[in-house]
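There is one chain below, alone, in structure tokens, taken in the form predicted alone.
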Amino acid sequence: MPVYQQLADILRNQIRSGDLAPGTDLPGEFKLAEQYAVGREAARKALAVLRSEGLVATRRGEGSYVRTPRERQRIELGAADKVTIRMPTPAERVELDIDEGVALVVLARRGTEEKLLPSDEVVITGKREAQKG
């Protein structure tokens, strides 16, 4: 397994276990490389993997940090509703404040304009059946 993937696995496990809490600043590439005795390129690639998974965000000039999970809204789908999931365009990422690695949900409902929603902000469910009683 490549060294960068091993480092990504270590950091991912620390994020999921809570050892690296949401909002925690991550060391820079040089510091990560030094701390884990890997090359700077491996540290850079590991951070890129975690960004692509939506676990880490990087702000230019500020460094990388553990993303805070967003509150999710429930979307119930009707029989005629259609959902497409794709990666956002660069303009959509900026407009909707979508971090790298987060997909876009395109919700089409009959008679309305398509809604664009960051995938980390929604839970999609089917229409609930009426309670028998």
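In this text, all values refer to a predicted model and were calculated from it rather than measured experimentally. Numbering starts at 1 and follows the sequence shown.
The next section is about a form of this same protein that is not shown, the form predicted together with a further copy of the same chain.
Contact annotation for the candidate site: Glu53, Asp81 and Val105 all lie close to a further copy of the same chain in the predicted complex (heavy atom within 4.5 Å).
Looking at Lys115, you'd find every heavy atom of it more than 4.5 angstroms from a further copy of the same chain in the predicted complex. Shown alone here, Ala37 lies farther than 4.5 Å from a further copy of the same chain in the predicted complex, counting heavy atoms only. Contact between Ile124 and a further copy of the same chain in the predicted complex is found at the 4.5 Å heavy atom cutoff. Among heavy atoms of Pro27, none comes within 4.5 Å of a further copy of the same chain in the predicted complex. Looking at 1 to 19, the residues that come within 4.5 Å of a further copy of the same chain in the predicted complex, counting any heavy atom, are Arg12, Arg16.
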